[in-house]
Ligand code: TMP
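Below you will find one chain, with nothing else, as structure tokens; this is the form predicted on its own, and questions on how it binds or moves follow later.
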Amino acid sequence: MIKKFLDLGLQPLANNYLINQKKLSIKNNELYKLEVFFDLKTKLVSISKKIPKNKMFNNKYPYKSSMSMTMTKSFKKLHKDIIKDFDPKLFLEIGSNDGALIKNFKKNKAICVEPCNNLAKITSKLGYKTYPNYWDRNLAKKIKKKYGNVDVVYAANTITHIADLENVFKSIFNVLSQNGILIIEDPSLLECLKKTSYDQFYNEHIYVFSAIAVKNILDKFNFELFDIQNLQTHGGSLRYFIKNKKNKLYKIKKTVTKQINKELKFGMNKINVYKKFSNSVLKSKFKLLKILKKIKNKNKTIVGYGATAKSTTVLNYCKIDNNFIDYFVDTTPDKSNKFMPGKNIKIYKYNQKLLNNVDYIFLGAWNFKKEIINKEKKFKKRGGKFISHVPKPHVF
């Protein structure tokens, strides 16, 4: 049985940046109701509306992992750890994006799976075997037939994007060698609840995982967790290390019990915690609007920094348009000179000069706060201030 606990109103597709200013409508399937549910049995949190995958992941997908220094550093370290701990003869990445991780591996030992054609072309040009397909049983069979079993399968911020979890895990189980390892990392639901970061919910994030839910899901597919790492990326993520239950090479570490106990202590197995979160989200909305109105009443300028999918949720839920935020700046080329979905705020290619006469920066990419503040020392030095809605709306 599933219960609704959060309603984020009508939302556009979070990464559907517009070429021209346009009023979106439900009739044209340009807006959908973003509601979030809690499964009382599995403890899984998911959104209700499942958007067709080809509408979300296509040949114009704008997000590129390599654009972030934080993610690039994280992936370099991960590569070293994988080689040291598992030394895979064959490594497979599901959702390889623009190759931020895979390019650290030798070309003859790595396979990419990336359904967004524009991104798949990047790794293909780098010389990696790339399948521009959605991950499913058929693709798993195809890869296994050609290359044999895989020693390590990795997926970052990808499994939560796929509606059919049974298909995902069964196909991974079949392609892995008996002592093979599956590593997935995704935003931590515990951190999401603690930080009131409701912007983790948008059309691509069909699920936001807790360790409790992941354990419950894996039990069905002869998988088990043997290690969990807490990460700072994406506002707080968990990296799950998963093995076949028959795999005796790796002992289950205390990190698994520690994380699950932490979540149980917080009450993440009970609906009441999610209802409290919903109340906090509503308070966050009103507080953020109050801050923005106060600043604009003083005729100060506010610019958005990071035209992220997360910020699409915030803008549309709080009804923030260009009366509050003059424009966004973003380093991603595919977002330049486009408009934020649903609120028609212009996005410009990042240039420090665009911040010269700006009083306040709204952190659309709040999860890269440290990286941004370090980069914008000049803005800070001349008295510029930042606005963030996480963990509570505030100016600093």
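Keep in mind it's a predicted model, so treat the numbers as computed, not measured. In this text, residue numbers run from 1 along the sequence as written.
Just so it is clear, the following notes concern the form predicted in complex with thymidine-5'-phosphate, a form of the same protein that is not shown.
Heavy atoms within 4.5 Å of thymidine-5'-phosphate in the predicted complex are found in exactly one of 211 to 219, 242 to 250, 304 to 312, 88 to 96, that being 304 to 312. Taken together, the three residues M67, H234 and V329 all lie with some non-hydrogen atom within 4.5 angstroms of thymidine-5'-phosphate in the predicted complex. Though thymidine-5'-phosphate is absent from this view, in the predicted complex it lies within 4.5 Å of a heavy atom of just one residue from A365, L31, I51, L354, which is A365. For the candidate set I387, L18, I372, L24, a heavy atom within 4.5 Å of thymidine-5'-phosphate in the predicted complex is found for exactly one residue, namely I372. Put simply, F339 is far from thymidine-5'-phosphate in the predicted complex: not one heavy atom of it is within 4.5 Å.
Using a 4.5 angstroms threshold between heavy atoms, F37 stays clear of thymidine-5'-phosphate in the predicted complex. Residue contact check for Y63: one or more of its heavy atoms lie within 4.5 Å of thymidine-5'-phosphate in the predicted complex. In the predicted complex, no heavy atom of K43 sits within 4.5 Å of thymidine-5'-phosphate.
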